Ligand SMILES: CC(=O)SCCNC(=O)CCNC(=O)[C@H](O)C(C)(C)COP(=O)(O)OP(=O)(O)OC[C@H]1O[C@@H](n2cnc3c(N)ncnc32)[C@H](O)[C@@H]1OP(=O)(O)O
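Only one chain is shown below, in structure tokens, and it's the form predicted on its own.
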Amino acid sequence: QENAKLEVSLAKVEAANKIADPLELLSPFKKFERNGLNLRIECMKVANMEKDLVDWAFQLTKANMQKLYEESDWGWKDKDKYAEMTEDRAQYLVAFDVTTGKPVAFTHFRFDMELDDEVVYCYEIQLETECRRKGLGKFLMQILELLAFKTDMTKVMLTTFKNNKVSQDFFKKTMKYEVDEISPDDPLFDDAYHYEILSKPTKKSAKPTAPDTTTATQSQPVTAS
């Protein structure tokens, strides 16, 4: 019975990964127009991305996150991070400025298995400085939640540093994510873990709240790594 359940879960993940453009499931959310931003949203597999676009995403991540990584047990290595961001199953939601054509924000996510659960795992969410606090971060995360719903995943998951207050406030207070059951517990006598795993279950019986197209939120999204 357990094997049968796992096979069903794996089949869901494989089916989701075979979708050429997951954003076609959510056509109304291919644009973001508010608070002085006029953006188009595209979804693409890393294998189909131009190298310049991948390099931009990496450099933005490095600029925003290197110091936090270096303050953690993980440390920062360009090679390792770039490899993570270009792994075969990596997919990206990228926001482009309609006027200039330049990318201004992205999420790196994957349809994957986490223990026995089929999930959308958000590895990164990064915004250029001028696009923060305008509702864009919340919009991108809600797209991931809707994609999880549409593809029958059980939840959206991510990992965040505990000492990153902006990230903690955004995910826990604004987006209502909670500490996942697989997040490591702090040991009693050893150093505490510097990160925690958060998640938000997909509502199977009711459609998740759609991205708000009228009201901005005061959030400053940062990495989900």
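Just count from 1 along the sequence shown to find any residue number. Quantities reported herein were computed from a predicted structural model and do not represent experimental measurements.
FYI, the form predicted together with this ligand isn't displayed, but the following is about it.
Student: Site status for this ligand after superposition of its pose in the model of the complex: open, or blocked by 3 or more ligand atoms within 2.4 Å of backbone or C-beta atoms?
Tutor: Blocked: the placed ligand clashes with backbone or C-beta atoms.
Student: Do K155 and this ligand come within 4.5 Å of each other in the model of the complex, heavy atoms counted?
Tutor: K155: no, not in contact with this ligand in the model of the complex.
Student: Classify V94 as contacting or not contacting this ligand in the model of the complex by the rule of any non-hydrogen atom within 4.5 angstroms, answering yes or no.
Tutor: No - in the model of the complex, heavy atoms of V94 and this ligand never come within 4.5 Å of each other.
Student: Can L39 be called a contact residue for this ligand in the model of the complex at 4.5 Å between heavy atoms?
Tutor: No.
Student: Can M65 be called a contact residue for this ligand in the model of the complex at 4.5 Å between heavy atoms?
Tutor: So M65 counts as contacting this ligand.
Student: Within 4.5 Å, heavy atoms only, one stretch in 94-102, 71-79, 109-117, 127-135 touches this ligand in the model of the complex. Which?
Tutor: Among the listed stretches, the partner-contacting one is 127-135.
Student: For this chain shown on its own, do F149, T151 and S199 all sit within 4.5 Å of this ligand in the model of the complex, going by heavy atoms?
Tutor: Checked in the model of the complex: no contact with this ligand for any of the three.
Student: Find the only residue in D55, E181, D169, E178 having a heavy atom within 4.5 Å of this ligand in the model of the complex.
Tutor: Only one listed residue qualifies here, and that residue is D169.
Student: Out of 11-40, which residues reach within 4.5 Å of this ligand in the model of the complex, heavy atoms considered?
Tutor: The stretch 11-40, when checked against this ligand in the model of the complex, contributes no residue at the 4.5 Å heavy-atom cut-off.
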